[in-house]
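One chain follows as structure tokens, the form predicted on its own.
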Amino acid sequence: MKLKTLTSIAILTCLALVIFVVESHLPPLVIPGLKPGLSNVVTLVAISYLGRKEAFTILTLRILLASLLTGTFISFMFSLVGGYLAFLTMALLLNIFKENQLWVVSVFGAIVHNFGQLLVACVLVENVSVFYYAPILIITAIITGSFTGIAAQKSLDIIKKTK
């Protein structure tokens, strides 16, 4: 791995971690635990700018480090399942959608992330009733996913102009 790529991974991991930690101190949105997922901006930029393998490394490091700093094993499971499902979805959708449609990719990633977290909750509480939260989670995923996707697109545009 080139030093430039390794340095980019380190910087983006730190950025994603700082965003995640700051966001963890914000009050929840509509329901407890619901956050805008701003660190996903870094994941989207990394997928588009560095590549899927590097973005996956950044995501994995961010989840591990964030769980060590702010969370528990349960929060680690929520982040891991949701994050990996969202990553896979976004990585696949970037083959279909153009780079200037990151907001669409981000919305789908947010929806799938929430679905992954509902799956973890369903396993933990051993009850499918957690899926009653799905409609509100889909609505908020559309809003937050659009916002993070637009932020990622604007960030990517700035990066490309400065390169």
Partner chain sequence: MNDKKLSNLFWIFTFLIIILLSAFVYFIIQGKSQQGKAVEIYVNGELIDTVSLEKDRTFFINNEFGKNEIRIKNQKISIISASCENKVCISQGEVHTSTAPLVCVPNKLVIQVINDETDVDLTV
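Treat the numbers as computed from the prediction; the structure is a model and nothing was measured. Residue numbers count along the first chain shown, from 1.
Although not depicted, the form predicted in complex with its partner chain is the subject of the following passage.
- The three marked residues, Thr72, Ser129 and Ile139, each reach its partner chain in the model of the complex, with a heavy atom inside 4.5 Å.
- For Phe87, no non-hydrogen atom is located within 4.5 Å of its partner chain in the model of the complex, even though that partner is not displayed.
- Shown alone here, Leu119 lies farther than 4.5 Å from its partner chain in the model of the complex, counting heavy atoms only.
- None of the heavy atoms of Val41 is located within 4.5 Å of its partner chain in the model of the complex.
- Although the partner is absent from this view, Tyr49 stays clear of its partner chain in the model of the complex, with no non-hydrogen atom inside 4.5 angstroms.
- Of all the residues from 83-109, those having a non-hydrogen atom no more than 4.5 Å from its partner chain in the model of the complex are Phe97, Asn100, Gln101, Trp103, Val104, Val107, Phe108.
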